[in-house]
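Considered here are two forms of the same protein chain, supplied as structure tokens in two stand-alone entries, structure 1 and structure 2.
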Structure 1
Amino acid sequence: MAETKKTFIDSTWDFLCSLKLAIILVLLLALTSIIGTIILQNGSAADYIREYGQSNYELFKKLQFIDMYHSSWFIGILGLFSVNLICCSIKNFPRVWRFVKQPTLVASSGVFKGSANRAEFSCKETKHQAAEQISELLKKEFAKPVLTEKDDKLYLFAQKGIYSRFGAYITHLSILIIMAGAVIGNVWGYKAFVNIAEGTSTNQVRPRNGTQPIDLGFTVRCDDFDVSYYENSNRPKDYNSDLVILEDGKEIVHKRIEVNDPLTYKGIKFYQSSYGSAGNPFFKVKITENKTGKVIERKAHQGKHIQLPGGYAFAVTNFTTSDRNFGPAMQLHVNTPDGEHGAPFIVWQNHPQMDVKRGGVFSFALLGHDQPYYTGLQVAKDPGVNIVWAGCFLIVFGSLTAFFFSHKRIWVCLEDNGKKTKVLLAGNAHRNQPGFSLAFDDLQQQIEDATKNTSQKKEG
């Protein structure tokens, strides 16, 4: 008989359903993910040129290695892998569905003779009495058995864990859901950043790739920023920001965020990421007119002249939070009424009386200082994250169902054998065969004991 030649459609279908294709695609995804781990993603051109050189940067750009997870070839691999999963499921699912919906209720003689788990014995009860007794045992261990009468024989069939057959398909579905969530997050989500100075607000963020800014659809305001340092060190210990969400001029949400505790609003997360100085610091300065003893206080910004009585003026020209062992100190100078620039001198916050010894028209004391900061926020929107979480839950459930649960089946045949009833048992499981063999032996013993005990009671 001539072999039927496959059509192009049949060959394509077999290719898409191939296990070899699935293995190759999984290996490709694993290998290409290494590229995304080793090579910085979505960095600036300067970063790549500094790290790899101009020629390698141009090569990476052509191969789409610098934004690999959005590249056409990576998305193509994911798409082909998705098609492979779908085709495999379509090919095999109808057979499993028929297996579940139309189980073999009457086992053939080959099942009772060829099964790895089989038994045969006789009892004195009639086959209907034995069937009733065995049904009670099967109901406890499995489920209510199905009784079928055929060719003057009684057949019992019971099963347990039938839905474990669908574990693999749940796993396939979960992988597709996770990939769908990832694609949704990549297409409709973004990762961006924004710097907001204290007391200011913004309604836009800038994506990492440096394209046009993104409108948030609401306003974010930074009311305050705090940073604390380790003792005797400029190393930051903790920093956090007071953020307010506004819509139509109304405050909607107010939260103090810190590292690993973001603010979330309308699916957009604001993470505390960095900080920096937003302009020069300002100082609270006490000025004493030495001749009259008159005291005034002024707020001074670094580099700006502040007017004093009599046409004098002063300006803070430098500042440090720690001048040797004297603590915070500012450098300033005083201008005379005719504009002559005075010699600079230092005032220490922790030693306010020291400037009196300098002499001059005025003496100065530093009461406090404040450095305005901006808060650096990482902004992330991922509309697919809940879909990914749902897929992760399903993949755990599907894997547990597929690998840790087993579909177990038991067939029983009862037939007249003279004045006795011949009992045939057969069973199988598609997972954990050694464990099922032990359970089958135990069930066989229970059935034999139950039928013997029943017979002895009737004889007695």
Structure 2
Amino acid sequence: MAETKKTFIDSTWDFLCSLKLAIILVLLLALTSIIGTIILQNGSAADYIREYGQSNYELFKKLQFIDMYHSSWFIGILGLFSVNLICCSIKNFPRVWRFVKQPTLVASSGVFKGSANRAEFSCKETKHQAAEQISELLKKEFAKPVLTEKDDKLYLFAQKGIYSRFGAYITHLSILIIMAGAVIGNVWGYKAFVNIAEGTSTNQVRPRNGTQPIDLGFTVRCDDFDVSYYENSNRPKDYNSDLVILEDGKEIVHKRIEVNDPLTYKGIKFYQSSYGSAGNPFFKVKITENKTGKVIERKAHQGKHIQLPGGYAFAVTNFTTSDRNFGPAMQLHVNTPDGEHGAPFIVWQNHPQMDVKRGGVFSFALLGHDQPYYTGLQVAKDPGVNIVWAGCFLIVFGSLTAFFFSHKRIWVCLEDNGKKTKVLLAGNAHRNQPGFSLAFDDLQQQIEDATKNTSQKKEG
């Protein structure tokens, strides 16, 4: 026979379908991925020049190592990997589909002779009786068999776990689904951030890569921000923000978000990510005019003078949340009507009566203090994320099916052999053969027992 020469297209196709290419690509992805874990990603030019020098920086830029996971060559490998997955599935899927569409109901003699799991014995029943008994048993112990009569012989075929043949395809498909979801998220979504001071609102966020602010199409207001700390430490325990979504001035959604619990509106998610102080703390101060006993309350910002009756004024100059063991304390001074600074003194929040003893014109008490914060929000829009989750579900489901289940098939052939019936058994599993061997031996024993028992003690 003349060897037909493979065309270029054929050999390309074979190459794209090949397992070898898959292994090479997977190892190549593993190897190249290391680069981005060693070289800083998306840093500033100055960072690279300081760390690696000017010439290396130029080289990195040329090789796209600065943002290598989005570089054309890395995307290229991923692209080729997808093509490989698709081609290999197209090539092999029809073969697997045939197991479903055309199960081998009638096993050839080759199956009975060549299977790793096979048995042969005789029984006294007619082949129809034996077929019935074996069917019953298979139905109970394995799976419901299909009976076929051909050439004066009876054939039984039973199978289990055919879906496991699809496990690998589901896994491969799910990788493509995840990649598709990631692409959708990258093209139609964005990642941004915004800082909102308590009591203020915004309708724009700043993208993480880029300078042009993004319009949200609605307004977000931060009503309140709170941070709580673990006792006796400055480890934050929780921080959360009361957010309000406004459209056309109407409040639409209220939610208190915290780390691990974002707010979602119109596909845009707001994550609690950071916080910081927005301006100086202010203090609620109760002032008593000692002569008259008249009481007034004032809000004071640190360092700002506040007018008092009679031309006096005061200013809070310092504050601490814990003054030794006495708790929150502020330092302040009083200005006389002619503008002269008085001596500074301290007022403790937990000991409001103390300042009366000082004996000035006014006595002060600290009612509370408040630190205005801004809340730092990550803002993300990712229309592909549910596709990614679907892919993730399938990849777990698919890999479990592919590894832990196998397609098991059992064939039986019953044939008249003089007064007796000859029984041929064969079994096959496409994975975990040793495990199936044990199950097959067990089943074979049961089948032999069943046919022999009834022949001995009928209806026993």
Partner chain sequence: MDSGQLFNLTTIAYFAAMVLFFAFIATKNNTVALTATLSSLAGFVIQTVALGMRWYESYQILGVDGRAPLTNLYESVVFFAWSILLIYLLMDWKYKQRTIGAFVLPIALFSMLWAQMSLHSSIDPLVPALQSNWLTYHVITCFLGYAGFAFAFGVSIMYLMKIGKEEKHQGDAPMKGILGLFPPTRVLDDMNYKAIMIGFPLLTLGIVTGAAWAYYAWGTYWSWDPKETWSLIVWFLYAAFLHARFTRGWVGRRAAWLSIIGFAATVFCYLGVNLVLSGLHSYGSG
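When a residue number appears, read it as a position in the sequence of structure 1, where counting begins at 1. Take the two forms, find the largest set of C-alpha atoms that superpose within 1.5 Å, and that set is the rigid core. Computed from a predicted structure; not experimentally measured.
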Exercise for review: Compare the two displayed forms of this chain and pick out the form predicted together with its partner chain.
Suggested key: 2
Check your understanding: residue 340: CA shift of at least 2 Å between the two structures after core fit?
Key -> yes
Check your understanding: Can we say the CA of residue 163 moves by at least 2 Å between the two structures when the core is superposed?
Key -> no
Check your understanding: So with the core overlaid, does the Cα of residue 172 end up 2 Å or more away between the two structures?
Key -> no
Exercise for review: Mind pulling the C-alpha shift for residue 235 between the two structures, with the rigid core superposed, in Å?
Suggested key: 9.2
Practice item. May I ask for the C-alpha shift of residue 388 between the two structures, in Å, based on superposition of the rigid core? Key: 2.8
